[in-house]
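Following this are structure 1 and structure 2, which are two forms of one protein chain, each written alone as structure tokens.
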Structure 1
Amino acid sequence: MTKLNIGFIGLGNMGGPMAANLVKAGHTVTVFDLNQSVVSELTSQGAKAGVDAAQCATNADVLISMLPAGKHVKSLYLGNNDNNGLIEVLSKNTLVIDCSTIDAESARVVGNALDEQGIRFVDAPVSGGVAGATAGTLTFIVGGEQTAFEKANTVLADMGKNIFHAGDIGAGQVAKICNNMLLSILMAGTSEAIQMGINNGLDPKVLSDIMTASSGRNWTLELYNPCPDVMETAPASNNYKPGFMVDLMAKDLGLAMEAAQQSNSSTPMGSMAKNLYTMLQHQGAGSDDFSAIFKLFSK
């Protein structure tokens, strides 16, 4: 595979391991984050440190960003009162891949603005958590035109296992929040059912095995059981150490509710899940794994 000059901005719990996998794949990776300790960690693995975001973007074949929210993505690329944005320094030969999970409208605003300057853009939010980022087995859900997707695919394959083209710019974000809304509903329902079984004298491991082999079977039962000591590898059996934090699930559910309102979609179960995760945040569990919703149902 052709080795590329890749800029990577945003080295949090997900971005750091993703950038590390690009280094392992043999690419020249220039990284930037406001947290210098994570930059140092990446440089110790073979990355180059950018003095700022603009240096990461200059002369990059591919620029990847992994940021907390839409306002950060818009500020990075389009600028604000304090900076001009990377749109001023990006080459027309650079492909921009934003892997942040943000609202679809922000992705479209950034993508369309870059497109007007002849710069290709895709939104490519991820699924798979920190473990998937570290192992290079993430799922990428991509929005953008076909040729941009095809180029992005070759880079994303060094960080993930499953890569889907959801549609035009913004479609990746919509698909991601649909998936996470469903996941939150499944996790809440699974927790509710297991706890009801416990309250009626059942062994949660036996009940989980029964439901996994029956019509209640779902991903949370098979791979991510929310009841402690049922599944050794699940965060529930490690004091709900994430994983995928409650705060992040609540954020994604907020995005889902915004999208539902904009499209006049009926999401009563998604709304309930959002309320439950907000309640969990208020109980101080925001940094726990999202499977900690089980604690809301336990006696």
Structure 2
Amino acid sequence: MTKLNIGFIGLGNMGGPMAANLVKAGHTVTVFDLNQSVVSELTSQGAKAGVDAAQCATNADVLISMLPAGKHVKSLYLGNNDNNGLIEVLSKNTLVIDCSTIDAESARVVGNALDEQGIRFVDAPVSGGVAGATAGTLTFIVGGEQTAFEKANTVLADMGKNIFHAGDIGAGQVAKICNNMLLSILMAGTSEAIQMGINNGLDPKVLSDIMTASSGRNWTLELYNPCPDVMETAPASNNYKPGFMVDLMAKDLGLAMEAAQQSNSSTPMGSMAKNLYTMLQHQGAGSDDFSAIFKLFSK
């Protein structure tokens, strides 16, 4: 396997362990984050510290970014009032992989601007959480041209297990929010169906088994039952300790509602789920696992 010079910008809960896995895979990884303590942790594991983002980008075969929101990604690459963007220093030999989960429109703006300069770009949002980032078992959903996807694939494989090609630039973000909007619908719908069964005298385990073997079958019933004590390994049976936090699902549903608005899409079920997750945040459950939506329905 080819060892690469990789720049990595953004060493948060996800980015930190992702960069560490690239070091373990033998790549030369130059990292940057505004928080010096996370940089120190990575250098203790064998990464090099960049003095700034531009140093990470210069001479990199691959530059990876993992940032909170679209505005951060736009200002990193395209610049703002205070800083030049990396677009000024990036070489045409560098492949840019943005792993942030952001709005599709920002991904397209950044990706197309780089593309016009001859710099290859893919958006590659992840799922799998901190546990998946640490274990190197993340799922990446990638948007970008076929050759850029193939190059990205070889690097993403050092951090993840399932890598999908969703389409052109921005398609990774779109596919991820479509999936996560649907997941929120599955979780809310499964929760209210189980609770209605309980309210009518059914055993939630028996009802869950019947629906899993019938046309109600879905990922939450199979792997992540939201009713406490139905599935021993699920967050619901561990006081809704995450897992995947309510706050993160609410963020993804916000991105879904933006995409729906921008594309004039009708999303009644997703809108309802967004409202329910916002209610759950207001009840102080933002740090609970997203299956805690079950509590909205229980008596």
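For residue numbers, the reference is structure 1: its sequence is counted from 1. For clarity, a rigid core is taken as the largest C-alpha set superposing within 1.5 Å between two forms. The structure presented is a predicted model; accordingly, all values stated were derived computationally and were not measured.
Participant: So which is the form predicted alone here, 1 or 2?
Facilitator: Structure 1 is the one predicted alone.
Participant: Among Leu76, Gln173, Ala60, Val122, which sits at the hinge where the C-alphas switch from fitting one rigid part better to fitting the other, between structure 1 and structure 2?
Facilitator: Where the rigid parts turn against each other between structure 1 and structure 2, we find Gln173.
Participant: Treating the chain as two rigid parts, how far in degrees does the smaller one rotate relative to the larger between structure 1 and structure 2?
Facilitator: Expressed in whole degrees, the smaller part rotates by 11 degrees between structure 1 and structure 2.
Participant: Once both forms sit on the same core, give the Cα displacement of Gly243 between structure 1 and structure 2 in angstrom.
Facilitator: Its C-alpha moves by 3.1 Å once the cores are overlaid.
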